[in-house]
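Quick setup: one chain, the form predicted on its own, written in structure tokens, and binding and motion questions come after.
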């Protein structure tokens, strides 16, 4: 057994630093293979679920697509119009095709960090490889879908994303399950490399099931002048979610922005954070989180800014809205300045909808429920995400649907 696998065998029982622990032995690894097919020919129930996570099987307004069901990469490719600008493969195919891809594999995320990374290393189920070629600017988003069709299935994917120097692209990743699925475990490893003067906007939308457990593990490395924008949207209840992506602003004048929108409902336990490490001269970072908690949901919203260069600056903002006396939101901001001159700041606020806001709107003709809905919609606004108008409208519809169900 290779040394890396031996180390992962030792780490397979190691709990994560945050979030609830799971007995990973309770999930199934059995899944029949899915044949390759045009993404447009996927069954309607799968297509509709994918659409609810921002992935269009008709590929309208999309430049390229990767679609995986359970362990099978059923579709991967670019539209002809965008051929030669980017490449989409499964990570298994990419590692076979490019010897150099190994230089990026398990370099930012520690394969033995906890039982979930170890699981992804030992029982790897493909994932997507997206490479945006040098100086290419892709106007339409690329999209990827991780789909689960088996009850109580454990899916472990490892994604590799490389934005080459001077390139610019947007990626939408949607994660979803079949309408008949209620439980399972998804482990997703994602490693991002944003090269010199490249810009990458990555939007992840989760649409799992009520008894589902989700463990993403992500890290990004930014070179000189690079910009990385990471948007995360989780508006459907899950049993537990634990993620703490990190961005290393290694290059001079590199920029990173983490934007998160969370809706916790029923008995959800969401432990979500973002970490920014400012290493390069003139590096900048921003972490913005919005969370609403209803019913018995528990949300922990973390944020960590680390200043390692005297000419660096970052801000962290977390706001939580409680819609139930049984729900809880715990904001945990952390600032670590390691050198003189770095500027780090934070603000956090958690509370209920102010009565005077409701009264103000009711005095102008809105009902109480309409007033609450307007306030929450404004609170969960995705206008700051830097998305194209069409995608912004799609996410707004998801947020609206979730808010309607919460009231």
Partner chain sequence: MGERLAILTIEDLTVKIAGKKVLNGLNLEVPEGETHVLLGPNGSGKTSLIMSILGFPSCRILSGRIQFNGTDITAMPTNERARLGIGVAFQNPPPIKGVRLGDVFRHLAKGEADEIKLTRTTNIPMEFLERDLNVGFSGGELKRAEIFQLLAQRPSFAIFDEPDSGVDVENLKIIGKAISEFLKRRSGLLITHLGHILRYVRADVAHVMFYGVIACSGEPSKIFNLIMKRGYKWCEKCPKVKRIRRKR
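Owing to the predicted nature of the structure, the values given are computational and were not obtained by experimental measurement. Numbering follows the first chain given and starts at 1.
There is also a form predicted in complex with its partner chain; it is not shown, and the following applies to it.
Colleague: Would residue 363 show up as a contact with its partner chain in the predicted bound form if we use heavy atoms at 4.5 Å?
Modeller: The answer is yes: residue 363 has a heavy atom within 4.5 Å of its partner chain.
Colleague: If we define contact as a non-hydrogen atom of the residue within 4.5 angstroms of the partner, is residue 178 a contact of its partner chain in the predicted bound form?
Modeller: Judged by the heavy-atom cut-off of 4.5 Å, residue 178 is well away from its partner chain in the predicted bound form.
Colleague: Though only this chain appears here, would residue 379 touch its partner chain in the predicted bound form if you measure heavy atom gaps against 4.5 Å?
Modeller: Within the cut-off, so yes.
Colleague: Is it the case that residue 375, even though its partner is missing from this view, gets within 4.5 Å of its partner chain in the predicted bound form, heavy atoms only?
Modeller: Yes - in the predicted bound form, heavy atoms of residue 375 and its partner chain come within 4.5 Å of each other.
Colleague: Hey, of 352-360, 64-72, 42-50, 24-32, which bit sits against its partner chain in the predicted bound form at 4.5 Å between non-hydrogen atoms?
Modeller: Comparing against its partner chain in the predicted bound form, the contact stretch is 352-360.
Colleague: Quick one: from 123, 319, 92, 150, grab the residue that has a heavy atom within 4.5 Å of its partner chain in the predicted bound form.
Modeller: So the residue touching its partner chain in the predicted bound form, by this definition, is 319.
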